[in-house]
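Next up: just one chain, as structure tokens, the form predicted alone.
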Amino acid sequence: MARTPFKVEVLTPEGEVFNDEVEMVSTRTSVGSIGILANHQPLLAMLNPTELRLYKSESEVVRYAQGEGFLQMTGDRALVLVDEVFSVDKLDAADLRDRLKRAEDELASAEEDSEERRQAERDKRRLEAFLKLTESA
């Protein structure tokens, strides 16, 4: 069954990654998974690292690995602002494992309650989410 399309923009600090109409957005917020359809109530949500799925139709899904960020839904438009986003097809599992090991080492050596520790925790959480996507692809 076709759904009503709506405009979605995905932006990173480097610029626009996606700008097109979709039937549904699926992602994970700080309180759980969410699916957004056209005419959704206004929403502002914090996003956790996960897979961002943009359903252009039931059979055409654009998949990204998204970092932390925000989702804003207003009227007939969704805006996804994330610190980084990668096509799931372009993720390199070996590189992600190496980066995850470095993040774990940084976390182990960081002082308690330091900014370095918080950054290492965020990096570890993001890299674990991205690595999980390579294993399910």
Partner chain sequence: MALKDVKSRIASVKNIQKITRAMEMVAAARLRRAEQRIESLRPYAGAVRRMTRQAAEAAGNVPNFPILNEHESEDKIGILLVTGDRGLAGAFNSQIVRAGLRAGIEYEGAGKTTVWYASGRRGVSSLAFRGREAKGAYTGFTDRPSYANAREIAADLVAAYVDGEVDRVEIVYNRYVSALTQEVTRETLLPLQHATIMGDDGADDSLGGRAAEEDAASDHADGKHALVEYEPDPEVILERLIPAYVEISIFRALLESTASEHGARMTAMRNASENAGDIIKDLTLEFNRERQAAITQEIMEVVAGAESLV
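Numbering follows the first chain given and starts at 1. Rigid core: the largest C-alpha set superposing within 1.5 Å between the two forms. Predicted model, so just to flag it, every value in this text is computed and none were measured.
What comes next is about the form predicted in complex with its partner chain, which is not displayed.
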Note: exactly one of Val61, Ala93, Ala108, Leu43 sits with a heavy atom within 4.5 Å of its partner chain in the predicted bound form, namely Leu43
Is it the case in the predicted bound form that Ile34, Glu68 and Val82 each bring at least one heavy atom within 4.5 Å of its partner chain? yes
Arg125, heavy atom within 4.5 angstroms of its partner chain in the predicted bound form:
yes
*asked:* When the contact criterion is heavy atoms within 4.5 Å, does Asn48 count as touching its partner chain in the predicted bound form?
replied: yes
Query raised in the report: Does Ser114 make contact with its partner chain in the predicted bound form, using a 4.5 Å heavy atom cut-off?
Result: yes
- Task: Report whether the minimum heavy atom distance between Leu11 and its partner chain in the predicted bound form is within 4.5 Å.
- Result: yes
- Message: Once the core is aligned, does Glu115 move its Cα by at least 2 Å between the shown form and the other one?
- Response: yes
